[in-house]
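Before any questions on how it binds or moves, here is one chain, the form predicted alone, in structure tokens.
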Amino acid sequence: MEKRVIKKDALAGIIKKMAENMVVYAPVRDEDNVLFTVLEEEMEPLLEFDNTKNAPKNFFFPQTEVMMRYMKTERGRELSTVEGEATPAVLFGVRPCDARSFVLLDNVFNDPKYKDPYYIDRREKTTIVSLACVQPPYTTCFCTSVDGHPFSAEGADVLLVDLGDTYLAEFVTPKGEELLKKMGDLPAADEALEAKKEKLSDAAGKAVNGVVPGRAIKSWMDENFEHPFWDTIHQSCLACGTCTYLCPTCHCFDITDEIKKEDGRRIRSWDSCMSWLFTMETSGHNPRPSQKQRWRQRAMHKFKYFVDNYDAIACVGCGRCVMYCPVNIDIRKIVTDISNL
């Protein structure tokens, strides 16, 4: 693995130069929010920020995408799939929790049995540059409780670590090493910088405030699908879907057909298990008619079903669902309460 040094005052220029020749997504300031967006000529990429409001999953799993187009002709309907439209890109400034979410989503969209060509095409053509959290940004962060870490390189092609006046750049994958060729002649990192990085990594891991028994509750969930506890957690829920839309790993979707005269298209759009309509069947039957059942599904999917299928918790501990829930439902409290039953 290549390890190089980038001067702090040079990094923004390197990223902007890269954006002249390829698509670069980067965090930028948008009023009171920090959002990932395509880096335009007049924009400055943020290098110091807590985390973005929007999880970067939408670059691989868009909020809305056309999967197929079709046209009515004299011979019937002619279909054409929409594949291979992604262009090579760099996704810059991803926090380790969000970079790790891509690995979890790979289990769903790039499963050996079921492969999503739209997702895979974007993943293969995008290089991910992650920024380690030298200081965990929020009190709502709990990545270390769900198998993550503020300095984790999992899911990243390049990991940048802020060492003060420089960045230590670790080029983790072959895609990362290819990006190194576009970043100019960078000096190699010495042992002193690597030792400093390890010291900062240890401190960052200990600084994560949120500590919950993420793995420990599965055995309880295995045996308690009808437990009275499930009657308690949903009572204030508005079913707004904020937790699912902001979550880096939620991947529920709906597929609809839109037709205008002879032209039609099939569209995939984000959906939410918090919605009553999500499980409504054509017959009129709904297997999850109450918010209790929908909230149980959300918790069970994160901490049981996904673990059963992939031996991984479907949560990266970013804390967005805690921060932005309008009625202050806290997944950390739910997990902790279960562990105490």
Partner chain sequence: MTEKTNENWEPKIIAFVCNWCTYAGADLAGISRLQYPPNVRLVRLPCSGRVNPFYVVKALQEGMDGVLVSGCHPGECHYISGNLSARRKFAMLKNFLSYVGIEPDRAIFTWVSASEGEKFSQVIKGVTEKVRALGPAQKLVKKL
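Values in this document were obtained by computation on a predicted structure and should not be read as measured data. Numbering follows the first chain given and starts at 1.
What comes next is about the form predicted in complex with its partner chain, which does not appear here.
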Against its partner chain in the predicted bound form, would K181 count as a contact residue? Criterion: heavy atoms within 4.5 Å.
no
Its partner chain contact in the predicted bound form: R265, any heavy atom under 4.5 Å:
yes
Check E258 for me: does it contact its partner chain in the predicted bound form (non-hydrogen atoms, 4.5 angstroms)?
yes
Residues in 41 to 70 close to its partner chain in the predicted bound form, defined by a heavy atom within 4.5 Å, in order:
R69
